[in-house]
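Next up: a single chain in structure tokens, the form predicted alone.
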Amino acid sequence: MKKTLIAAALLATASAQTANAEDIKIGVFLGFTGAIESLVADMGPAAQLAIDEVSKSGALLDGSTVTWVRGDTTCTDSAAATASAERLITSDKVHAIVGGDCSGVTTAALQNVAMPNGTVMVSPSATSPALSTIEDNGLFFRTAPSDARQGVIVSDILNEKGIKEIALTYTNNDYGKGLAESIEKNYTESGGTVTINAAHEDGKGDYSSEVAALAAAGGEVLVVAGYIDQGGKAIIQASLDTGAFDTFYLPDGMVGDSLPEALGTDLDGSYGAAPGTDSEGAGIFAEMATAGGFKAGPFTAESYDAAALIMLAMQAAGSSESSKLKEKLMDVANAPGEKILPGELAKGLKILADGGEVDYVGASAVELIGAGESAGNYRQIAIEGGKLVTTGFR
């Protein structure tokens, strides 16, 4: 009789969980086409890896399944990004969004779609300083650090290498402007000279006039605050072809294997940095990425972490609704609580379900500050022998 009662109780519990389970959808809103598609080729699978991990565990909200729905930001077309976000939220009925990626399209989607619909967005790579203070109704978070922090990193690296003068070009959008301003401010305050700070437009076939102006101004290094698959790459190629510059500083939007693969050893001696860490979680994530068929490259750890934070916040809130999970996202990202690493999402969900607390460390050593953005860790890189190599962490 006792065994029968226990079995009945377990069956009743399982039935109750099944009844409460949901079909949760999370948007993966990144530039699958456009200026950084070579980076998004790995960022997208990274976010999807976390979503699949949780869905297979059955540990979220009484056994709810989680599916991901792709939306293309294009990185640079705000109208297209807004339409894509509108589809994700109103047609596909996603509960929250991983993304956007580039700052301008992220801002447009947040203001025009996410805020009116009350939908949480967690970006893995939108770095404009303006996003730190934008009105967001508590809906916007990011696992990548602001370019206010990146400007300090760029200045520090240039000074350590003894560079006294730089030329600076930036893509003419929110990301490029904010980063260029941060670089110039920090570098000049440290005693360096910026000979020219000039915008460039993406999508042009010829950048000879832009390169001529940069060359005329001069500088020991050309800092290219652009996009790896767009104007930034073209300006570097034109500079090499004409002999205008032979050494380049590569900020985050220019860091990726596709650049040295395209330009070869001509790029040797150039250097830069992008968000990254040598933490325990980063090592675990790199192994998971390899097993998942993609590379742990720039912004992939941040993409996995963005998705993970959304789902942990859902569990902490006891709800998949953005209006509720937004109140818990900072809690699960920071101490106190048991530290949770990549591959341990089911463990974190169980702790939360049992009333405990978690401190999600994840793949990028997550710590959210201020209005909900990363405190900032960077991986320093160099181009050697036609390949991108890691030279340190900051």
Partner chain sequence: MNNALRATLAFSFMALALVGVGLYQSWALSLTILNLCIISSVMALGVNIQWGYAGLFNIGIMGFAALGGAAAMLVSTPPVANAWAAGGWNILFSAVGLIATIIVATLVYKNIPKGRLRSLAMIVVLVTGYLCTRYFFDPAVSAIESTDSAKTGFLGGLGLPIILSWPVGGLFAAGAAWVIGKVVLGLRSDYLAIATLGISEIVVAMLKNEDWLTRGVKNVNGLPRPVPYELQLQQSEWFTGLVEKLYANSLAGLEGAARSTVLKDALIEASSIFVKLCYAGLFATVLLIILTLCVLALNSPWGRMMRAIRDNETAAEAMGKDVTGRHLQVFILGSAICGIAGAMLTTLDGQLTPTSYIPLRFTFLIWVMVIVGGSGNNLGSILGGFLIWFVWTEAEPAGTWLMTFLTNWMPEGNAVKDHLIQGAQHMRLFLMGFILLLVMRFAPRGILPERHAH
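Since the model is a prediction, treat every value here as computed from it, not as a measurement. Here the rigid core means the biggest group of C-alpha atoms that line up within 1.5 Å when the two forms are laid on top of each other. Positions refer to the first chain, counted from 1.
The discussion below concerns the form predicted together with its partner chain, not included here.
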query	finding
Interface membership of Thr290, its partner chain in the model of the complex, 4.5 Å heavy atom rule	no
Touches its partner chain in the model of the complex: Asn112 (any heavy atom, 4.5 Å)	yes
Thr67: touches its partner chain in the model of the complex, heavy atom cutoff 4.5 angstroms	no
In the model of the complex, Lys177 touching its partner chain (heavy atom, 4.5 Å)	yes
Its partner chain in the model of the complex reached by all of Ala83, Asn117 and Ser323, non-hydrogen atom within 4.5 Å	yes
Stretch from 154-162, 293-301, 312-320, 127-135 whose residues place a heavy atom within 4.5 Å of its partner chain in the model of the complex	127-135
In the model of the complex, the residue from Ala282, Ala273, Ala108, Val221 that sits within 4.5 Å of its partner chain by heavy atoms	Ala108
Heavy atom within 4.5 Å of its partner chain in the model of the complex - residue from Glu344, Glu53, Glu37, Asp359	Glu37
Contacts with its partner chain in the model of the complex, stretch 72-86 (heavy atom within 4.5 Å)	Asp72, Thr76, Asp77, Ser78, Ala79, Ala83, Glu86
Thr76 C-alpha relocation of at least 2 Å between the shown form and the other one, rigid core basis	no
Core-superposed comparison between the shown form and the other one, Phe285 Cα displacement 2 Å or beyond	no
Core-superposed comparison between the shown form and the other one, Thr107 Cα displacement 2 Å or beyond	no
